[in-house]
Structures are given as structure tokens and as C-alpha cells.
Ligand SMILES: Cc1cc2nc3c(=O)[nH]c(=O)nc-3n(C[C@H](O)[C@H](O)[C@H](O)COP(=O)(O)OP(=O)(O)OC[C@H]3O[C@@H](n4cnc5c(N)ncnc54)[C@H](O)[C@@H]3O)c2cc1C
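In C-alpha cells, one chain follows: the form predicted alone.
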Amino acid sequence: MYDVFVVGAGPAGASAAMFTAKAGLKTLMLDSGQGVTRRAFMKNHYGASNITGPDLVETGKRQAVQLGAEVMDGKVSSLRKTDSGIELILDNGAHYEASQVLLCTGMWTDVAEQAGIQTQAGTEPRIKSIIVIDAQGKTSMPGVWAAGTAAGVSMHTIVTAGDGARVAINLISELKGARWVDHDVLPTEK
């Protein structure tokens, strides 16, 4: 049983997994390998000029692992609410359970739609549908959150990464019962 299962390892998913893992939540991030970031080249990504999409994705996955997240390749074929959390079934038949699920599925909302989570028409060019969320990032299914392009924010990687962090902070805050703030500081010289 995981505290948080992040579906998607692009900028939104990796950013979310970094925050949840660093907050001490048992986090599993699933990478389907389908993200459009893998075909991108960014000249305007804050802190990483002239970075390829594949490099950005791999850097995010490495950072999430360094902070305590587990990363696995695969694709979710279905999810459903259970008495104890959310059950996810992967395309290879494996079953996982998590207290909370964060959907960072980019251009794809098929798993949300299969689960009966509310979607609506997309807001970005070429985005057919998005997952309906509240101001915190919660979907219509308790325990399931969404962030990034799948939740209707701009496809730009810097924006989706920020949205993944924003929703992760809201999720962490709810689980811990108080507003979560996580700021590292430079060590002082002696």
C-alpha cells in the first residue's frame, strides 16, 4: 500500500513525486513512456536552458528517486475506489493500492474517464479532454487528484511542473492535517 501513486513521470508527475516523497509519503511514480515532453526541446525552461525533453524527464525521475520515490515503467489500465483507498490495475495485470492517486497523464484522460471521473472539453490546442478538478486539484472521485495538462493547465513544461508541485503540496497538507511548507536552506559556514 502506497501513500501516493503518481500516474505519469513527465514534469507534473515528477515534480509531484519529488514533493510527496520528500514529505515522507511512500510514493510510487509510474512512467508509461508516452509523454509528449520526450519529443520537446526547451530554450525557455527556467534553470535549464537548451534542455531536451528526454533529458528533462530523466532528470525529474532521478530527482524523485533521490528524494525517496519509487519509479516504475508501465501503464494504468484501470482504477477504482475501494474501502481502503484506490486500486490501480496496470496493463500487465499487476495490482497496486494507494491512499491517494495523482493523475499527471498529460494529453490522456482515458483512465480517468474509465473510472467515472468527471472530464470536460480540453482548453489547449490538440487536447481533447481534461479532468475536472477543484481549486486544490481534487477530482470527482475521493482520493484522486489531477495536475498538469490533464487538469487543464498550459502544456509548457515549466507550468506543468509547477502545477504538479502545487497539487502535491495540497495533497500533503490534507494528509498531514496542516499546511505543508518545505524550504531547504543553505548550510551556514562555521
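Keep in mind that what you see is a predicted model, and the values were worked out from it rather than measured. The first residue of the shown sequence is 1; numbering continues from there.
From this point on, the text means the form predicted in complex with this ligand, which you will not see here.
S.K.: Hey, in the predicted complex, does Gln34 get a heavy atom within 4.5 angstroms of this ligand?
M.R.: Gln34 belongs to the contact set for this ligand.
S.K.: Taking heavy atoms and a 4.5 Å cut-off, does Ala9 contact this ligand in the predicted complex?
M.R.: Contact with this ligand, yes.
S.K.: Can you tell me if Trp108 lies within 4.5 angstroms of this ligand in the predicted complex, counting non-hydrogen atoms only?
M.R.: Output for Trp108 is yes: heavy atoms within 4.5 Å of this ligand.
S.K.: Would you please decide whether Val76 lies within 4.5 angstroms of this ligand in the predicted complex, comparing each non-hydrogen atom pair?
M.R.: Flag for Val76 set to yes.
S.K.: Tell me, please, which stretch of 151-159, 133-141, 117-125, 63-71 lies within 4.5 angstroms of this ligand in the predicted complex when heavy atoms are compared?
M.R.: Result for this chain: 151-159.
S.K.: In the predicted complex, do Phe41, Asn44 and Cys104 all put a heavy atom within 4.5 Å of this ligand?
M.R.: Answer is yes for this spot.
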